[in-house]
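Below you'll find only one chain, the form predicted on its own, shown as structure tokens.
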């Protein structure tokens, strides 16, 4: 970000900081302390914490110093999990007060994390209950992204709003749509799941998201039939690009006019000029699935009240708006709780997202897709 753009963001940050300060919760301590925060992700996540959110919090709660220990791409997440487990076994503190990781559910089920609730973190009431529950109550979702529908507005004036409408559009415009194989990226995975999900029996559909019962996969049969039927209308009569990036590149070249994409990746590509401005985004109804990044509190944290206070602050409008702007993603809270200016900017996708199949069902789905759909051409 250069020149006036950087100044505009600085002004935005100060405005948001002011609104957050007015509503900021107590800091959870009256004396100087240090919270050790283990986090992981790409470089943009490190920048979000080191350059934006942690400096913001320091201005509000000056007595709380947060020491960031960052693992690029999560390469040290397993080591952190082992650290927590070893500390529990030895009866000694791990030294970790906050942990952002995709391993929180596993850690929580192993008795290493505190159960979180709105009783201690009041702003959790602003979070979609299904999103919070998907990690067993062991983590606070502070940011997210969703699979959305991208389309080229130079060729499409009125994009479909529903999955059935999308399926009709694909058949009416052969060669102008595709998605990546579900085992190569979440955008294609979400599209395949959506097609299968529309045929599930309502009484048993919840099991696909919360458990694993392979015999229920018989309900996927009409969905596989639909995906096979749509195959001939894909780009080049059945070409599926490898990965989320491959789909975005096909959109950028104009090879296709429409595809499922991740919201954060596509917004980032648009901001960088890697996609033409004619590419627009929208969310179907019902929506494609999404995912969140979660932060938990180890049971042996020396400062649990201060850690809870930090997570509570993280769910207030100011930091949530910064998360959306900097990460090109979704807030951790429901959209209605972020500033109206942010809602307007992201109006096309400012919807709650769906929940994905459980990991074992998802793995089966990807394998069966390779056999039934890719193998049918």
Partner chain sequence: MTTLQAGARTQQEKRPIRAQLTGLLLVAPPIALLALLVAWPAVSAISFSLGLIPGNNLLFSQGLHLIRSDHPTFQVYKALWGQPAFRADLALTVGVALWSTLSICVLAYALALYTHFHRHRLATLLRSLYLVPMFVPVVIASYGLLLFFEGRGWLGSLIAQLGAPYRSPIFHQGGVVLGQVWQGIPFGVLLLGAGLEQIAPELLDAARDCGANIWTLLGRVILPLNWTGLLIVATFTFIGGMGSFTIPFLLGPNAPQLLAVEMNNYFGSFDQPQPAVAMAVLTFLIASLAGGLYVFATYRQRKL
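Numbering follows the first chain given and starts at 1. A quick note: this is a predicted structure, and the numbers were derived from the prediction, not measured.
Quick note: we don't show the form predicted together with its partner chain, though the next part is all about it.
A heavy atom within 4.5 Å of its partner chain in the predicted complex is found for one listed residue only; from 278, 183, 205, 117, this is 183. This chain appears without its partner; in the predicted complex, the one residue of 78, 71, 154, 268 with a heavy atom within 4.5 Å of its partner chain is 78. Taken together, the three residues 56, 131 and 134 all stay farther than 4.5 Å from its partner chain in the predicted complex, as judged by their closest heavy atom. Shown alone here, residue 221 lies farther than 4.5 Å from its partner chain in the predicted complex, counting heavy atoms only. Residue 200 falls outside the set of residues with a heavy atom inside 4.5 Å of its partner chain in the predicted complex. When its partner chain is considered in the predicted complex, residue 257 lies well away from it, no heavy atom lying within 4.5 Å. Within this chain, residue 226 is remote from the site of its partner chain in the predicted complex, having no heavy atom within 4.5 Å. Proximity to its partner chain in the predicted complex, taken as heavy atoms within 4.5 Å, picks out 78-86 from the listed stretches 296-304, 78-86, 117-125, 154-162. Taking a 4.5 Å heavy atom cutoff to its partner chain in the predicted complex, the contacting residues in 346-367 are 360, 363, 364, 366, 367.
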